[in-house]
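Coming up is one lone chain in structure tokens, specifically the form predicted on its own.
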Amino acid sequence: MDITSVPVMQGYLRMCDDGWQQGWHERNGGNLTYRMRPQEVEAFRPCFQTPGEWVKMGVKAENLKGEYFITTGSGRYFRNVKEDPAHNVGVVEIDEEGEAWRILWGLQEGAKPTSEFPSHFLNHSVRKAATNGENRVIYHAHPANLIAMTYILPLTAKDFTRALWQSATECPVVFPGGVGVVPWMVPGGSEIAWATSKLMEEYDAAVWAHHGLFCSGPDFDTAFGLMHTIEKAAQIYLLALSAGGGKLRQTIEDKSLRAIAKDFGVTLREEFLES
């Protein structure tokens, strides 16, 4: 059996390649994790190898005990995932304490799960709780236009959300709850993992200042679409500022944002509106 023939792995590999094609994953930048369904685990099981050693993460989540994840590898490149999944992607199992992982498939030649797995793990925990188990995808990428915005806007959820909402009409529909913002921190450790997961209790997406973006969703299309929408809005915002000499002549007003929300049946985060 070829594990890459299983539909969920095909979707995972496609999303990795889509992100690479967008230019969001220079070198070994970015990471993608997926929390597997029981039937998907059983489809993979004939391909599982002898389990590796348990490795503690430095973080713990009771609601992820015994779960299985597909993850990109630390130091591995998104551009190589589609061509060589077994070296660049792996399946890991979480122990019964919810604090350690072990490799069951892939990550060949000594690779490990992404160095930001602790951040992914805690984000999965809070998004699983917040969505009654529906959320399964956590995606981290380095979209250049959004990163550039972190150098010119105040690092607040309100400032980023308003700029994005007002840059593209679909934004208040796609992420009516807004986006969170994490100030710059050293990536890969428990501190940034906890800070991000705290925001992801209430947001579907969190900006990492001067670094990138975390997005969540119930499936690959939703998570990728959220990342794509936010980055496109960031690009429009920067293009408009550049063309206008640093000033916007007009934008989508708050009354128009409310009209969009009413017509599309979504609820905007009211504290991010000003009038």
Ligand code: 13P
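Note that residue numbering begins at 1 and tracks the sequence as displayed. For clarity, every value in this text was computed on a predicted model and none was experimentally measured.
One more form of this protein exists, namely the form predicted together with the ligand; it is left out here, but the text below deals with it.
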query	finding
Partner-proximal stretch of 157-165, 74-82, 177-185, 122-130 relative to the ligand in the model of the complex, 4.5 angstroms, heavy atom	74-82
Candidate from P218, G29, G52, G225 lying within 4.5 Å of the ligand in the model of the complex - any heavy atom	G29
Sole residue of T114, N135, S197, T150 within 4.5 Å of the ligand in the model of the complex, by heavy atom	T114
is_contact(H211, the ligand) in the model of the complex, heavy atom dist at most 4.5 Å	yes
